[in-house]
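Structure 1 and structure 2 below are two forms of the same protein chain, each written out on its own as structure tokens.
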Structure 1
């Protein structure tokens, strides 16, 4: 269905690792004027400078929502979501019958359902739309959207989602998209933790790690994530595309969901503990591939941190 908001005013809240790339793709590929808000006002001003005449920097989230025809939100944590959504000048304060909210964060299903109820009680409409992909796909416009909630809103913003991503799925009632995102990130986090253990075992067995990467890439274990992350893990280079603290948060969400559903998740529970240990060693703001510091480079740890300070940082 063709979007009904071409050349309209679109809101965007949250210009972090993911949100900045997403907002830029809306500006490059669509004809919207963006009204934006970010806690770091410098990032908002930088975006306005990069797209003169196309971007308005709002003073509050309330101003964004009360002005825009559709507002996209991309906030990284439950705490940030609550503060921005429910604050005195937050999203809810600006919500009314003409409001449409598309929340792209990775939150719990319960939190998404609560937000949807609060929005709908004000006569507005809500779509949850978490994404699969990290900083690179956000910049490239190749995210995968998992959506649930108001089907008409999903169809209304279809072209906007297509500008930011390569695929989109509508999964039903609010909560379903967050559950799917948790499953996806749990699987990804578990895979990387196991990969890291494999590198660690090969190292302990005095095997050439570069050869291991080639052997894995040439067989049934080949996958884009191992091919991308493996060389960085060997070099201890962890510039954040997906911060480890967020990966561990998502593993925790998965374990909690498993507990609620009485679904055994022994592998994911163990992987969660490995990510927690990496956080304790000071790698929470590094890329989640820094899990290698626990299983591959643990012999180089000094006093709970990397031997040369922040691992992999020039």
Structure 2
């Protein structure tokens, strides 16, 4: 037996790297009919084809929101989010007293609070629900949802979140979930910078980097990120899973949040500057593991200056 919601119409906006996997899991594990919108209509039509009779492709975000009982939104940048939220065809234009919005984007706490207020002023309800996890977990349904805002809505969509993720947390008023996401990404960015400095020091000391990866992977520091990124960093291959400019943006958000709260973050601030140097060197659109291009000195043999700089070496 399915609940009214379960059998009802569910909206989904944003079928990017993350959103596509999430929408598919909703379709596979739940009985919803989905009404969807994506900037690139082709992707939306592909999804409708893959799940015949289960999906309606809307012409505008407004149409999605005004039709669905609950709408999930998964947009990757502040700009994309704003473009879809505002305007005559946007989410807000379609929002009425019976609307329920679950926004899974990673935005600032301030922006989330602003959107929530605008939605609530129309009598609707809002849940912020940024996720931990990238493309793989989105496809496998193993995301982690950090939620804040309308508690009743959180409970209403619990089974939907469980279809897309392996865990979920309710953290309080809108903004709290974005703050938690910022904390998580700050920790992640700092860790990768430390790992990257480890590679840099090992390289400078002529130690075998493959062995370092194995040693780390066998000990207390072993984590999926090092296992995944390490080999790519040794090969200097930085296809973007998580673009460096986005990772650095989250570091910046964290340092700014620390500023508001008078919370010093000296290590994370130092890491932030390293990511900024990577941007300065042109790695904005590479994966954030391209931080290794700043911390690992690959060219020491060929670079005269560097060789000179190593004169003091024992």
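Each form is matched to the other, and the largest set of C-alpha atoms that superpose within 1.5 Å is called the rigid core. None of these values were measured; they are calculated from a predicted model. Residue numbers count along the first chain shown, from 1.
- Of the two forms shown, the one predicted in complex with another copy of the chain is structure 2, not structure 1.
- Superposed on the core, the two forms differ at residue 237: its CA moves 2 Å or more between the two structures.
- Core-superposed comparison between the two structures: CA of residue 291 displaced by 2 Å or more.
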